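Below sits a lone chain in structure tokens, taken as the form predicted on its own.
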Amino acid sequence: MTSAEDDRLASQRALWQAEAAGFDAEPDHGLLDPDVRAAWRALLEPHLPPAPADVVDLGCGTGSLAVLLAEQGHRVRGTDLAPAMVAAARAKAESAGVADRVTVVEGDAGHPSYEPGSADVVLCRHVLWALPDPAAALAAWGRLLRPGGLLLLVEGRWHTGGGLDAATTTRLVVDHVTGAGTPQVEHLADRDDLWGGPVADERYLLHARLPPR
């Protein structure tokens, strides 16, 4: 790793470390509203394999989605760059009674340390756009999947000008996730139930499945 990469990771770690205390105040981050929580469960559940599946949640933040999936019987491994996020995710899993099905470690979502072919599902929400090399990250995420495995990305193009639009993310997945084929995109900007209110961004769920062996 170069010194420039070290500096970037340190800067990002400090940013998200500072954000951790108030992170769950956003309805789609904390999933504290039962209706928002139910909406996320309803969004993700139809795409998931039968439990127990091995799920990797990259850039898991405070672990809200990791816990949600563990409550459905899945085994979830989460990674986040900020120690405070990791601590919050572990505490959330413990409080929810699913600590035996949720393992969260500190790490770089763009360079996950998990074994290739060890996941049935790779989930990432609002992280790909912020990585310096989305193509390399997607290639790495694809290698984590078993045959027939599922890539689930929740992304967006923000009203501030940042982010990735659905067409760009689709091209990246096609070009860099071996065997993914053509991803399917579900647009979510009008789903107030997911966000706790109206949003002014392009938001979407992209899912791509590898072929079975």
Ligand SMILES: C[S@@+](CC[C@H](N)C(=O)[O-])C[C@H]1O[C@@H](n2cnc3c(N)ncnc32)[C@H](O)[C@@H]1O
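Since the structure is predicted, the reported quantities are computational estimates derived from the model, not experimental observations. The first residue of the sequence shown is number 1, and the count goes up from there.
One more form of this protein exists, namely the form predicted in complex with the ligand; it is left out here, but the text below deals with it.
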* Closest heavy atom of R125 to the ligand in the predicted bound form, within 4.5 Å or not? -> yes
- Query: Does C60 reach the ligand in the predicted bound form, with heavy atoms at most 4.5 Å apart?
  - Reply: yes
- the ligand contact at A140 in the predicted bound form, heavy atom, 4.5 Å: no
| request: May I ask you to state whether A88 is within 4.5 Å of the ligand in the predicted bound form, using heavy atom distances? | output: no
Whether L153, D192 and Y204 all lie within 4.5 angstroms of the ligand in the predicted bound form by heavy atom: no
